[in-house]
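Okay, so we've got the same protein chain twice, two forms, each given alone as structure tokens, structure 1 and structure 2.
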Structure 1
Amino acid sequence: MHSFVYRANALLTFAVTILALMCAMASLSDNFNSPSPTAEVQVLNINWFQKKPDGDDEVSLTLNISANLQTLFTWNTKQVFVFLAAEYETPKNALNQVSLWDGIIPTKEHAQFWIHTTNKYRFIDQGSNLRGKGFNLTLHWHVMPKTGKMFADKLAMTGFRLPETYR
């Protein structure tokens, strides 16, 4: 029981167990963090709003997104993935979520930002339901840890409405 192989085996098993325990504790420490993020979105302009040849509506927007997500970062945070989704209901679909813009925040310093952009991904409906449609712009964030459990949350901003006619 004292050969090199047995000692190496015991040492390796112990080391791996301790490593797994440390990863679990790092992940648990994230639960003690109570974040308080803030965000604000404005639709600066509806650039164009048309019905495509295949019958689906499409709209292009210019957005102003500002947010402070610094309280989401802990020592176990690798990055925060943030995206803005337009959410609305249509007669055919109970929920439509269309991501308009996303970004990756690598460090706490970058977590307070202000961005002026057109929608990165096309805002296309399944059908032609967008005229006069009221929608929410919800900022979602996904915290990706260095190890362990990932968690996500969102902030919904309501009260946006598309024009009644195409332009």
Structure 2
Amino acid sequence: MHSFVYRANALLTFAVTILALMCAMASLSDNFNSPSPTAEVQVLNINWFQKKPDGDDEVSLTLNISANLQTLFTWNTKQVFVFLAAEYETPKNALNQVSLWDGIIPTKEHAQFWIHTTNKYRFIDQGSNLRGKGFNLTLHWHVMPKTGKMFADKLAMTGFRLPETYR
């Protein structure tokens, strides 16, 4: 006969193996989800566009951000981190990214939203490269699952341009 400790060890090992197998299946099942989020960003106003005393350009924008990210949520989604970035090119760098706004979406019910805001973080370029510069506003998201690897993607909106002169 096997002792109580031996039987408890066998039962615990079996339970942990089944739990690991269920976690792996849950993580793999998310690969079959094909999300189709939508977003739209409007620049309502350029509040100010100035050259700071240290020579850097700074911009303040008023934005309308609307998005429907509900398709990112599955039963395995814990939360979604989302942020809006201004992306542009300069002679020094092929890609400059400046985060303007961010948020954490805890549930599917909160994943459809409309926000009227100014940029939460300062839109500053190191140098005088922003005058007349075209830029994209890109909505990035990172899906944080309960189990498995994180998934990240983005949606770029093009056609935005800053003025030629400071105001």
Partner chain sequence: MGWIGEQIDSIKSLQFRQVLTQAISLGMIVTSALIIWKGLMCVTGSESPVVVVLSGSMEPGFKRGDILFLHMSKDPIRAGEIVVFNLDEREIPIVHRVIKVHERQDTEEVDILTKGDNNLGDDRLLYAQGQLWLQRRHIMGRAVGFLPYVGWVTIIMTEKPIIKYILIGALGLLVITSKE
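Throughout, rigid core stands for the largest set of C-alpha atoms superposing within 1.5 Å between the two forms. Residue numbering: sequential along structure 1, first residue numbered 1. Owing to the predicted nature of the structure, the values given are computational and were not obtained by experimental measurement.
Undergrad: Assuming the other structure does not fit, state which one is the form predicted on its own.
TA: Pick structure 2 here.
Undergrad: Superposed on the rigid core, does the Cα of residue 144 end up 2 angstroms or more away between the two structures?
TA: No; residue 144 is a residue whose C-alpha shifts by less than 2 Å between the two structures when the cores are overlaid.
Undergrad: Relative to the superposed rigid core, does the CA atom of residue 156 travel 2 Å or more between the two structures?
TA: After core superposition, the C-alpha of residue 156 moves less than 2 Å between the two structures.
Undergrad: Give the rigid core superposed Cα shift of residue 9 between the two structures, in Å, rounded to one decimal.
TA: Shift of residue 9 at C-alpha, rigid core superposed: 3.7 Å.
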